[in-house]
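Quick heads-up: it's one chain on its own, the form predicted alone, in C-alpha cells.
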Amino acid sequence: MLRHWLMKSEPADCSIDDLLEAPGQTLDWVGVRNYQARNFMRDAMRPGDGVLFYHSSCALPGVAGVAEVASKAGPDATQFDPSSRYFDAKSSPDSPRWLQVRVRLVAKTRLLSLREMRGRPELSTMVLLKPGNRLSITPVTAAEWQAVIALLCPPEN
C-alpha cells in the first residue's frame, strides 16, 4: 500500500528546480538529522510513495511540486564526510545513524502556499499545520493528499 509524505527542503539548499534539473530528475534526500524523520524513512517509506515537495524557511513557503520515493532508505553519505555540514563524528559506516532516500520528480506545480493551505478546512488535519511542528518529513493521509493534488491540479472544464 502506497503512502504519502510531505518533505521539506530549503530552496537555497535544494529546490524543486534543482530536482527538475537533476540527472533523471532524481536526487538523494540528504541531511535529515531528526530521529523521527529518519525513522519515517527507515520504517515506513517505500519506493512509489507520493511526496509533496515543500519549500521551507523562505519568503513564500509551500508545496512546490510532487515527487515520489525512488529508493529504500540507505545510509546518508554526508554523515561520514568531514567537509559536509551534515557530518556526524559519532556516526560510522559500520553503524550509520542517518539515512536518506532518493526522490524522483513527478511534476513541478504552482506554489500552494502555507497561507493558502491554512485557509483550507480539508487540510486542517495535516501535521504540517499543527502548532509546533518542525519535522522535515511528515506523513500525509490519503484524503489530505487528494485535497492537495486537487488544489495543485484542478480538473479542466
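It should be emphasised that the depicted structure is a prediction, and the values quoted were computed from it without experimental measurement. Note that residue numbering begins at 1 and tracks the sequence as displayed.
Here the subject shifts to the form predicted together with the DNA, a form of this protein not shown in this document.
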When the DNA is placed as it is in the predicted complex, are 58, 131 and 135 each within 4.5 Å of it, taking any non-hydrogen atom of the residue?
yes
So, in the predicted complex, is residue 125 in contact with the DNA at a 4.5 angstroms heavy atom limit?
-> no
Check your understanding: Does residue 66 reach the DNA in the predicted complex, with heavy atoms at most 4.5 Å apart?
Key -> no
My question is simply whether residue 46 lines the interface with the DNA in the predicted complex - judged by any non-hydrogen atom within 4.5 Å. no
Practice task
Answer yes if any heavy atom of residue 42 is within 4.5 Å of a heavy atom of the DNA in the predicted complex; otherwise answer no.
Solution key: no
Students should find that, of 114, 27, 111, 99, the residue having a non-hydrogen atom no more than 4.5 angstroms from the DNA in the predicted complex is 114
Looking in the predicted complex, the residues of 79 to 104 with a heavy atom no more than 4.5 Å from the DNA, listed in order, are 90
